[in-house]
Every structure is written in structure tokens, then in C-alpha cells.
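Form predicted alone, single chain, as C-alpha cells, below.
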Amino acid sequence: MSALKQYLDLYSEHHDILDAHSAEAINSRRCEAFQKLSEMTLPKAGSENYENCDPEGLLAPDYGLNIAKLDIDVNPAASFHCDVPRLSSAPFMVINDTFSCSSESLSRLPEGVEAGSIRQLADENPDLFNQYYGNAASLDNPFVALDTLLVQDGFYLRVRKGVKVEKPLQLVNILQNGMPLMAVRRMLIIIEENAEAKLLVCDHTQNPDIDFLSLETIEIFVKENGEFDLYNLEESTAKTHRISSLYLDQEKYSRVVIDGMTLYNGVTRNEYFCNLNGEEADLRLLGMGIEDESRSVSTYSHISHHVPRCKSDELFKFSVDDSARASFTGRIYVAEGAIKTEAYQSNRNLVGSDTARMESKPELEIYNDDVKCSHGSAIGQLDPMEMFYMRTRGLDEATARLLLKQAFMSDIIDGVRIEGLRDRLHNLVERRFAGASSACASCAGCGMKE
């Protein structure tokens, strides 16, 4: 039986329960997703754009889904102690696949900012919901189609026209259950004209002994002259699988930074589909992964320049040790007529053992001549001359390696435009390379508090 069939059967047998615990506007999309999935076969591991990703293997295990929304005992404080200064002090949370927050979190939102349950948005403002939901993410992507079929809730953020949010907002995704669980989430972010906001998303898993799968689809719409930063920090467990598909729609003069950082994980698949649809749109897409033991991360990006005079700058870095695996496939597409495009892509990687594996495939697809585009990839080990230099300064080999690995990741961290978070990340990456068993989840007690 294919991995998809178990979910198609689940929907066929229990769609009434799914619908009862969601919103009509969300439920109305399920039939089309079901039809799409019924006609699909999952890509094979090792096929184009899935060089280090096995969709069948990710979705095949018999995870439970809490479609009846039974109460699960979760203590957010057990996994989350964030000390990053200058963040909004009351974060929003998605616990497994259900939005949760305190009245304090809502009361702290500035005027003109809406945040909350995507299910509630679909119930209370279906016109706005239907204007955006599913209009960027493609059902031709099997992960998106499966998410659309099974999702019941998630998180949405709307920043109204002209509103500039001074303090970064924070969303914490928590996985917790006593048995294997699949959490299906959705995120919808709308940044209207001349609006600005920053969002930090932290992924945590509470129970390291349980198998989890996090399946999420993120849709981001940034209107004319809007500005938005999204920072995603993954700190899960070796038994946590994550599939994240992000879709970005930028209009003219918009400015966006997306920075995805994997510190701890099991198996991760991150996808980025970015469309620059308005002239003078600017995108910076960054990412990093620190992989050791038998962890794995697969990254796919597709940046499309559809109109003239847009700029994208893309940088991904990975450190792979032991028997870990990592891969990067990135495509920049420049449409006919998209003159004066500037598009830069770079993937640089450290491989620290004979059994670790890194695959990299940067691509350019350009249909006009009046552009500035480049792409490059490098896979190697720490520079022996740099190691020698540091050893001659009295450092032992372990310390020299630690410092060089930290320095290797610095430009990914320095791309973060939240000073307090940037400082924290330098510390967390240092602890990760030093072999700490956890980082962000225990940061309140590790001497980093200001």
C-alpha cells in the first residue's frame, strides 16, 4: 500500500470528524485535494529535486492524527524558555496542530495587527481567508495537497496597511504526545501595503522517545512596499520528521528576509517557492543545517523572477558529520522580459567525515540577456592552513575546529535583523558544535540571560 493511500482512506472514512473540528472554508478545499492526491504517486527517493528525500519513507509510518481534537497534556514551559530580548514577551503557540494563546498575547498586539487561529479566521472572515488561502501554495505539490486534505487549524498573521510592528512577534510550535503523532499545520501571513513586521518561529519537541511528523504549509503575501522577516529555528529530536513547504508572493518594492536554521532534528525536508511578482521586489533567502549522527536535511528552493528589476540573494550552508546526510537543490528562474534582474545563489558546505554525505545542485534558468545572475557551490573540509594557524596560537585541535565551524556559519546568523536573536544564535550554534544535547529549549538556564 502506498503511503498516500492510508491518508486517502482516513479521509474517506472520517471526513465528517475532520470537518466537525475545523471551519467550512477550510473544509471546502478538501475535495479538490483528495482528487489531486488520488491521481498522484509520490516522487521516488533520489529522483530529481528529491536527491536526499524519501517522501514515501517520510509518510509511510502509521502516525496517529488527533482529528477529534482530544485533549493532550502539554506543558509549554517544559520545552520553551526563550530569553531573546526585545521580542514580544507573550508568544503565540501551536500545540501539535492546534493554535493556543493567552489573552495576554492578544492584548499585547499593536493596533492594526491581527494574529490567531487560522480556523477562527476562516469562520469569522471567510472573504479574507478565501482571498489568500491556497492562492500561493500549489496542490500539484503532494505535501501541500496532503496538508490541505487533513489540516484543521494553524496560525495566521495580518498586518494592516501602513502599520509598522516595532517588536518582533514569536510563534512556538510544540510537539508532544504519548504515542506517534502527525501534526498537520497551516500558516497564513499577510503583510499589507507599507506594513512591516518580523516573526520568529521556533519548533520544539517535548518527548524525545516518540516518533513525530510535522507537516506544514506556509503562505506569505507581502504587498506593495511591505517589509517582512521570517526566522525559523528548528530544535526537535532525532525521532522528529518535518516537512515544510513555504510559498512567498511579493509585490513591487517589497522587501523580505527568510532565514531557516536547523540546529537539532531527525529528518527534515524544507521547500521554498518564492515568486517576485512586482518590480523592485527584494528577497534575501538564507538557511543553515548542522547535521551529525544519522540526522538528515533536504532543502529545495525555487525563486522565480517574473518581472523586471527585482533582486534575490540566496545563501545556504550545511555542516555534515558522522553518517549524516544533507542536500541542496536550488533553481533561479528569470522569465522572458524580466530585464535588469539581479539574482545570486550560493551553497557552501563542510563535510567532516568519510561517511557523511552532501549533495548540491544549483541551477539557473534564464530567458533574457539583460541580467546579473550567478550561482555556485562548494563542498569541502576545514581549511588545514587555518587549522595550522590557530594551533600555532596555542589552541588545541578541538577548540580550533569549534571556532572555525562557528565562523563558517556566521554570515547566515548575521543575516538576522533582530539584534537580540542574532546574539543568541551565535551562542546556540557554539553550544551545538560543542556537542550540547539541546540548545534553545534550555537557554534560560545556560547563563545567556541578559
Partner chain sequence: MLKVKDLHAEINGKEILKGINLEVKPGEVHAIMGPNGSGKSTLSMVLAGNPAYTPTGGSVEFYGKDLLAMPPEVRSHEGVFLGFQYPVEIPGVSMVNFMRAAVNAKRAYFNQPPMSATDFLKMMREKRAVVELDNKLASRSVNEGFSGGEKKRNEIFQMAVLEPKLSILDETDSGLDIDALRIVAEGVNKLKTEKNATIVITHYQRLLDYIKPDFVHILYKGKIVMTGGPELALELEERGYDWIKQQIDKED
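Small disclaimer: the values here were computed from a predicted structure and weren't measured. Residue numbers count along the first chain shown, from 1.
Form predicted in complex with the partner chain: not shown, discussed below.
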{"query": "Any non-hydrogen atom of residue 44 within 4.5 angstroms of the partner chain in the model of the complex", "finding": "no"}
{"query": "Heavy atom of residue 48 within 4.5 Å of the partner chain in the model of the complex", "finding": "no"}
{"query": "Distance check, residue 412 to the partner chain in the model of the complex, heavy atom within 4.5 Å", "finding": "no"}
{"query": "4.5 Å heavy atom contact, residue 422 to the partner chain in the model of the complex", "finding": "no"}
{"query": "Heavy atom contact within 4.5 Å of the partner chain in the model of the complex, the stretch among 60 to 68, 390 to 398, 22 to 30, 35 to 43", "finding": "390 to 398"}
